[in-house]
Structure formats: C-alpha cells, structure tokens
Ligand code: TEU
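Okay, so here's just one chain, in structure tokens, the form predicted alone.
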C-alpha cells in the first residue's frame, strides 16, 4: 500500500497525556482541574503536540483516581463543570489541537446507579449488568486475583453471592454479555462524540469479554493470568466491531486501546485496517518487563536487548496492516527517565535520548506530562505519603507476607504508580507553581531543580529538544510512514535503526548506557541533523548520546 493510501491524521499527530489531578490547579484546593488545563494550553501548543488525552474527568468517588466512574455524563466537581469542559474543548480546537477522552467501560464504580440498583435484589433489572456468582466451599467462586491484590470477587451478604471486580472492590466489572449494557455504552459514546471530542483512549479494553466458565487458573505468574484468562475473551472482537459499526464509524475520530494481555500474536486482530475495531493499541509488553510472578513489586532483571526485541517483534507483527502507539511511560508506570534512563548523572541526556526513541519509532507517539522537562520518580519516606490504591493494597499484602517496610518502600520508589502522579513542576515557587493550596499528593522535592521555567532557560533544555524534535517529525513524514530497519540487534548498549522512504534515509543511533561506546556503524554519506549533547566525538558515542543522521535517497 502506498504512503498516500496509508495516511491518517492520527498516525501523523502526537498525543500528550494529561493526568488532570496533577497538571494545574486553578482554585487553590490542591487538585488539578479543567480551568487549570485551559490556562496551560499555550504550553502544549508551543511544545508542538497535537492530541490531548485526558485521564478520566467524570464524576467518581475516586477510589482509583477517577477510573471508578459514578456517572459517565457528568464532570467530577473537583475538576469543574460541563461548561468548563466545553470551554476547554473549544480552546483546544482553537489552537488546532484535538482532544480525546478516557473511556472506562470494563467496569463502573460501585456507586454508579446501575450497581446500586443491582445490589437491591437478584431480580432487579440491573442485576445482569454485572457478573454475580455463588461462592464455592465457603469462599469466592474461583481463585482469580485482582490487579490490585487479593481476590477478584467480593461477597454480598444480602444476596449471598459474589460480584466480579478485576480491579478494586469498588470497581465491579460490567457484563458485556447483556445487550442492554452495550446499548448503554453506545449511548455514552454518542454523548461525548456529539460534544465534538476527537476520540477515545479505551481503558483495559481487551478485558471486556469474560470466559464465562469462570474456572480456576493454574498459571505461575499474574501476567500470564492477564493474558490467558482475563484478556482476549471469546467475544471481545464481536463487541468492538459492534460499537465501531454502530457508533465510532460515524465520526472522524481516533481510538486507541490500552492492551493488557494483548500479545504480538493477537494484536493485529484489534487494529488491522480491515477489522473495523480500533485504530491502534498501547501494547504493554515492554512496560511489564521486569515484573516477577507477583507483579511489579516483585522485580526480575531485564536488559535493553529485551526491550529491542519487543519493539522488533511488534513491528513485524503489525506489518503494513496494523498500527501502534509508541510510549515509555504514563499514569500507571514510573517516569521514563527513571525507569529507562539515568535520572541522576545523565538525566538531561537520557531524557532527550528517550524522546528521540519515542518520536522516531514507527507508530503514533504518546508523551506523558512532565516528560518534556525530565521529571523523575519521587522518593517519599513513608507509605502514608502515597495515594495510589494499588500501592496501599500491595503494601498490606507484602508486609503480611514478611517483606520489610524498607524493602517494600524501595520497590515503590522504583515501580509505584504515584511516581508519575506528583504535580507538574512549572516553576520554583511554592508547590512548583501547581497550586496555592495543600496538594492532594506531595510535590516531588526536586522541583527547585527540575521545573519548566528553569529548563526553558537552560542551555541544554529538554523542553527545547522535545520542541525541535516534534517540529522536525512533522516536517519529515518518513519518521511516520518510512520503513523501519534495525541494526546491531544483540548490542545491549546501542539501539540503532533506520527510517527509509523513497526520498529520505534517516539513521538513529542511541547509546543507552553510562559508558562511552564505539559507534560501530557506518554513517558515511550521512549528515548529523540532531544530537542531544553539545560535544560529539565522531566515531565514539558519549554516555546516553542520541544522534539522528540523514542522507538523501534521490
């Protein structure tokens, strides 16, 4: 297929994720809000991103920071009003940008009207909106674990039955087998699309179809359970095709599915251009690297060859028919410079290198708030300073199993979700310029050194590097559609690949190590276009040096 036939706006534009609670607070209550986002749109426009993805802003009890939705058609009062949202959407569009929302329909809040009604009696008309089962031998229906620790079943004494919740007990899973549930979801899709939004990021979308025999699993790791029990259920493609045909296909929008459990062998079923399901997915193979049998707080070693192999395998699996979104961090994972870079001695260099990696791979790039200034993981001294329900649930579980407080905290410092949820660091003023009040979670103490105001004036500014690279990507569609060819496959220190089309040949070379490395790759005939350090030493790569070369094919 020719480049012209493949061209889509959602392939060429770059996504920027906003975590609303932590982006900008406009009213001093310590919680980010919609008016705060409006006040900072010029920052995003200057940066050069195109599509803003908002994590959930719907009415919610906030058991899981908004991913437990009480009313899909209302704005959470902490974030503002529907009028604020409509103004935000108008201002985004006025700047030539787009806005997509988080669609969370694997589960609702237990405070949603549907579940409140469902609990009233077994014959309530909403009972079948959720999954209910009798217990077995005085316990849950099966041994399925929750993503957040403990059982995935919660006992309801009134009906003597259990309901399924793959996440917290306040997030009961919706029963997509019920056609009334699917109609409800189509209605809420239309509600937001008719307001003029530009698409959806679909939360844990491969989990919506359950294996209804609800058999015990016998697998060794939680990641295996996700892939083989929770994801890719028997009707998932029927359901996605149904909402595409009945709703999504009627609008010029983009859809990106979060893909826990979607592996390279089934990915194309979700995003193949002839499938009528999703435009792209966030696969999580590289993000789950290093997770041991008990998950992220039970780490196992991996190296850059493992990361490179995942990118390679997915590239081959997608071929010319499928499309991916490329990312290295979001609200569920540590900061990219802390996880994949060096956030101490080489923070600036590695932040820029990782920017080049994300923005030159084949796929739609997705950036997370704060990456553009090299924000890093936070090291809180006490579990009481953390807010994430996942962290607190696993804290109880690990401590009960004999893990020391210090050992668990060290894993949270490396892997906890709150690493990415501390407030955006705008400047050196109190609370990093995020809020005039006490913040919902503490600001990272390093905000005096790491903030936008300081970075923009720095000679080696990360923000300016992102800005230049984003602009360069827009001007060179070879970096979007060009062929992807990898070099030095077994080198653990250097990631090198080409992007090639009929007119242009780019060569990207990344030294993701703390040592000087020999270039070991011919760049004869190439011009060095972009580099993340001031002093480049020819045939040697400085620690965390990133280079982008170009030569003409004409």
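Bear in mind the structure is a predicted one, so any value in this text is a computation, not a measurement. Positions refer to the first chain, counted from 1.
Heads up, the form predicted together with the ligand isn't pictured, but that's what we're talking about next.
- Comment: the ligand is not present in this chain, but in the predicted bound form one of 198, 258, 84, 418 has a heavy atom within 4.5 Å of it, namely 258.
- The partner is absent here; in the predicted bound form, the one residue of 455, 203, 161, 173 having a heavy atom within 4.5 Å of the ligand is 203.
- Heavy atoms within 4.5 Å of the ligand in the predicted bound form are found in exactly one of 372-380, 331-339, 211-219, 242-250, that being 331-339.
- Taking the partner from the other structure, the ligand in the predicted bound form has a heavy atom within 4.5 Å of a heavy atom of residue 67.
- The closest non-hydrogen atom of residue 296 lies within 4.5 Å of the ligand in the predicted bound form.
- Contact between residue 314 and the ligand in the predicted bound form is not found at the 4.5 Å heavy atom cutoff.
- In the predicted bound form, the ligand sits beyond 4.5 Å of every heavy atom of residue 343.
- The putative spot formed by 52, 95 and 327 is not touched by the ligand in the predicted bound form; no residue has a non-hydrogen atom within 4.5 angstroms of it.
- In the predicted bound form, the ligand lies within 4.5 angstroms of at least one heavy atom of each of the following residues of 140-172: 147, 148, 167, 171, in sequence order.
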